[in-house]
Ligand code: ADP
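Shown here is one chain on its own, the form predicted on its own, set out as structure tokens.
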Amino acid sequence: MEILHVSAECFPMAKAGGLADVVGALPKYQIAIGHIAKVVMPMYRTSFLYNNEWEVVHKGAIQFGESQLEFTVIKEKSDFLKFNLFCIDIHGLLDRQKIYGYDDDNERFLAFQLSVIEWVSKWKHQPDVVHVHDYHAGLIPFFMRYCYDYRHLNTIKTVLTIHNAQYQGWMNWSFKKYFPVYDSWKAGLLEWNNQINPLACAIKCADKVNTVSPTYMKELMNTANGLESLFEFEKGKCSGIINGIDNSVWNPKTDPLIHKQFDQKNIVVGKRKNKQKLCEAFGFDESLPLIVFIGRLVGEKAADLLPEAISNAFEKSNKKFNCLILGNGEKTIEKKLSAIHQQWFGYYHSQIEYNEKLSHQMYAGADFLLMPSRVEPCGLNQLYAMKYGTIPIVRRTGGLNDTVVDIGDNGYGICFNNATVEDIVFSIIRAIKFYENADMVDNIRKKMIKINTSWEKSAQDYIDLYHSIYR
């Protein structure tokens, strides 16, 4: 089969979260099992763009309201990513450094989607599947099926993967002026709660819909930021496929970003040396358990609870652990996490930034990874942690529930039920006590590193999903 993935993010070109990791890995594994997979995304002005060679493969134009926008499609020349990566450039809209956060994001992603469809409409052949990711590409199934200029594409099957249903791309009806002429009888497919809702539209129009874990799909029936009844109505075409991780990037045996590479045979020594490196860098006592948080500092991740929870845990445990935070996000949370530095000096540190190299070193050197998420569609961090022998401390939600089994149930993690300060503190204290038994900790690490969390099975699950549309 030939699959075209359409996404706002793809690692290593541009990354804001797990979406980029998925889109940067899944195509490689689909190719490895005998299919053709390509990715198209916006051409942001990132270091990856400037550090690689590109060739122009198409030039075109779209009607965008009263204006005509020219666009260019470029392709990464070396194919070192092991799949074809295409980027779409629209001067003044997509040629920016950041992925999100602009006042005209709706216009930006709408123009991107229209350019993708215009480009695909000029192909001499057609892909078997157009696979759209999240709301940024959510209008494409509608355009392909109901816009008069593109209805010759309506035989191509479409799949929507929802990485986070909280973000839906709402826009008012004034944006209709940017749309190609479409069948007015189908306008209801665009609408949800009196607005144009790209995610809701994709759920209605795509041939198949999946989320990135089975538990998250079940949760969306009850809590989906206003789309609960739609998920219930469309549940017949919905499923959950758990994410995998890219073993070529996340592998402690070959990882060039960590201090000491290791595998199952020397995991104890490898973990110790990487922990020593981290503790030297941040002034920690390496004899204490090291608990880390890596991720976006936002309410979804329950990062707002961390300052109080960490302080309470230090008090209750009499400072019997170290804590390192890496991430950025909401400014109020960043300030609160920075504000407790002095109070817990020598035991706590926060790095308010996105730092890929440091994140790898933290997975390799930490003893525990804390994920108290309120919402976690799949979660990749816990999978990275297990691959590097770091024990996950997670709330039972979404993909965390599907991938982490509690040590009390002969598993390899510490699980709790509620995103509250009390549950987080209780779990940290539990981790500290568990750490006192070095043999048990080492056994859990050896058990985790053997778990196959790669994309191999999930990539085949997606191929099976595509095939199911044709039956």
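Keep in mind it's a predicted model, so treat the numbers as computed, not measured. Numbering starts at 1 and follows the sequence shown.
Absent from the display: the form predicted in complex with ligand ADP. The rest refers to it.
*Asks:* Pick from Pro141, Gly389, Gly379, Pro198: which has a non-hydrogen atom within 4.5 Å of ligand ADP in the model of the complex?
*Replies:* Only one listed residue qualifies here, and that residue is Gly379.
*Asks:* Of Asp285, Glu315, Glu330, Glu353, which one comes within 4.5 Å of ligand ADP in the model of the complex, counting heavy atoms only?
*Replies:* The option sitting close enough to the partner is Glu353.
*Asks:* Going by a heavy atom distance of 4.5 Å, is Gly18 a contact of ligand ADP in the model of the complex?
*Replies:* Contact with ligand ADP, yes.
*Asks:* Indicate whether Asn84 is a 4.5 Å heavy atom neighbour of ligand ADP in the model of the complex.
*Replies:* Residue-level check for Asn84: no, no contact with ligand ADP.
*Asks:* Considering non-hydrogen atoms and a 4.5 Å limit, does ligand ADP approach Met171 in the model of the complex?
*Replies:* No, no contact at 4.5 Å.
*Asks:* When the contact criterion is heavy atoms within 4.5 Å, does Asn251 count as touching ligand ADP in the model of the complex?
*Replies:* No, Asn251 is distant from the partner.
*Asks:* Looking at 256-264, 89-97, 321-329, 223-231, which one sits within 4.5 Å of ligand ADP in the model of the complex if you count heavy atoms only?
*Replies:* Contact-bearing stretch, as computed: 321-329.
*Asks:* Heavy atom within 4.5 Å of ligand ADP in the model of the complex: which residues of 291-329 meet that condition, in order?
*Replies:* The stretch touches the partner through Ile294, Gly295, Arg296, Lys301, Leu326, Gly327, Asn328.
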